[in-house]
Every structure is written in structure tokens, then in C-alpha cells.
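First comes one chain, alone, set out as C-alpha cells in the form predicted on its own.
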Amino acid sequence: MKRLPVQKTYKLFIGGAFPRSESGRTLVAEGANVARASRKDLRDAVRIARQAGVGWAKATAYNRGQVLYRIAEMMETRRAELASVASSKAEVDRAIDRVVWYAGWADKIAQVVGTANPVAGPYFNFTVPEPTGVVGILAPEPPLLGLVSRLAPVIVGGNTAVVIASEAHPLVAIELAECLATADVPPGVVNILTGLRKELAPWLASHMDVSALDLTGGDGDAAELERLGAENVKRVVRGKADGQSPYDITAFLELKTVWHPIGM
């Protein structure tokens, strides 16, 4: 009797786990069953990301760099699986290299953008970068390299992320989530939702606990999503789907100025 292979069901990635949508809905994408996230799934992801942000922001920069490098290691071990749902092996290789590149910036970015400021008085005055908070990301194409290019600079700076994966090519986002789940990434630091963007993106943009939006993958909806984000003065970024720069890290950092009297 011929054996029937087990067909993979692609679920959401929320809080370090792989739940089905609370609505029970699925959709067919790229020939596979994919969870169709609901507004409640999105609210749960934001809440969990906010909770996870406390510990992730307090982690040392060196530790965050180690975690990102571990992500690259897990991607390397699952290179074949990633390539089977990405556009090519070359895209996977570039995505892995990009994670390694950002991992190297983890304990250097504060030295680049932080400073000791000269002041006219008996004070020390320092500028230090701090994470913005929960960042909502609309993943651009290509589905793996675009997602990694926008996600890595967000989390290396101590932020947490709620990602809406590519609607047309969502499978590679969940394959990446399986790498994250085994890469020492604390639960809730990265949350990935699959489904229809028209159902999810407006609620992500208007959510009051989301501190910043990366609309690189927003396409024609970016202007309306930016308007929705203005309700709580979200920081809005539109970057490059295929780029790497320390300025992509600083785009999601707040610069805090600290004064301290000399001799006290």
C-alpha cells in the first residue's frame, strides 16, 4: 500500500509557539494550507511582544549579537528547507549573511550613535540609544531576504517585532520562524502572522501599543497605514527591501540624554 506523506500545515508564530489562528481559518497559498490570522491573533501578538520587550531590551548587546548569530546558524542548518520555499538558494545565502552582518553590529551601534556631550557646567552629559519598543513590520519581497533585511535591524537594537508575512509567499516566513524557535530567541521577541494584509495591516498600524511601523512592504497602502499610525505618533520607516546599513538599526532607536553632576 502506497504511503501518503504528511502534509505540512503552516501555522502562526506567536510567543515562541506555533498556534493555529483562534478563528480556525486557513487559506491556500503556494499550494499549502496556511493559517489566516485574525485581529485577535494580532492583538495577542502585540501584547506578547510588549511583554517580551522588557527582558530583551535589558539583555546585553553582546548577548543579542550571540542570539542573532545563532539564528544564522539555524538558517544554515535548514538551508535546504528554506531554499525549497524561497526564490533561490542565492536568496537564502544572502539572508544568512545579512543576519551575521547585523549580529556584528549588536555591541557596536551604541558606540557609533552614543556620545559624551560637551556642556558648560559641572555635569557629565551622555547620549545613549534605547529601543523604541514594539515594531510592526510589513514584510516586503523577496519573501525571505526582504523579511530578514527589515527584521534583523529591529531586533538587534533591543526592539520586539510583530511581522505580517508576504501574502503571496508566506511559507518561507514560517520556515524562518522554525529557525527562530530553535535559536535562543526569547519567546515573543519575534511574532509572525500569515493571512490577508487588508484584514491585519490597518489594525497593526492603529494599535496603540505598537511604537513604530516598518512600511517597506506596504506598497500602495503605505500612506493610509501611516495616517493610522499617526494616532499615537508612531515612528514610520520606509526602507530598502534589500539593503543593510547601521542606519536601519538607528531608525528604531531613541536617543536618550542623561545628565549627572560631576563629583556626586
Partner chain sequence: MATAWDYAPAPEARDIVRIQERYGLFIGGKFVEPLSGERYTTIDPAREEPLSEVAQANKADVNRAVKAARGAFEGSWSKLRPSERAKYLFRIARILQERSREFAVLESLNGGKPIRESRDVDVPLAAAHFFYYAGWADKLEYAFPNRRPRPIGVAGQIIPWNFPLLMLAWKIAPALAAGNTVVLKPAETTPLTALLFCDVLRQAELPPGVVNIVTGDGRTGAEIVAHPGVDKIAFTGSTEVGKAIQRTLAGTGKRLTLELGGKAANIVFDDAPLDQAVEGIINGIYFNQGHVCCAGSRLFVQESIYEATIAKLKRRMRTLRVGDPLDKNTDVGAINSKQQLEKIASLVQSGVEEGAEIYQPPCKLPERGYWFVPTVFTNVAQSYRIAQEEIFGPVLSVLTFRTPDEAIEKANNTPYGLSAGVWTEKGSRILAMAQRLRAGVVWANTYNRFDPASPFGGYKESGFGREGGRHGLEAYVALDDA
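Positions refer to the first chain, counted from 1. Just so it is clear, the model here is predicted, and its values are computed rather than measured.
Heads up, the form predicted in complex with its partner chain isn't pictured, but that's what we're talking about next.
In the model of the complex, at least one heavy atom of Lys108 sits within 4.5 Å of a heavy atom of its partner chain. Mapping the unseen interface onto this chain, Tyr69 counts among the residues with a heavy atom inside 4.5 Å of its partner chain in the model of the complex. Residue contact with its partner chain in the model of the complex: Gly65 places a heavy atom within 4.5 Å of it. In the model of the complex, Gly104 approaches its partner chain with a heavy atom inside 4.5 Å. Of the candidate stretches 109 to 117, 79 to 87, 135 to 143, 189 to 197, only 109 to 117 has residues whose heavy atoms lie within 4.5 Å of its partner chain in the model of the complex. Although its partner chain is not shown here, in the model of the complex the stretch 117 to 143 places heavy atoms of just one residue, Phe124, within 4.5 Å of it.
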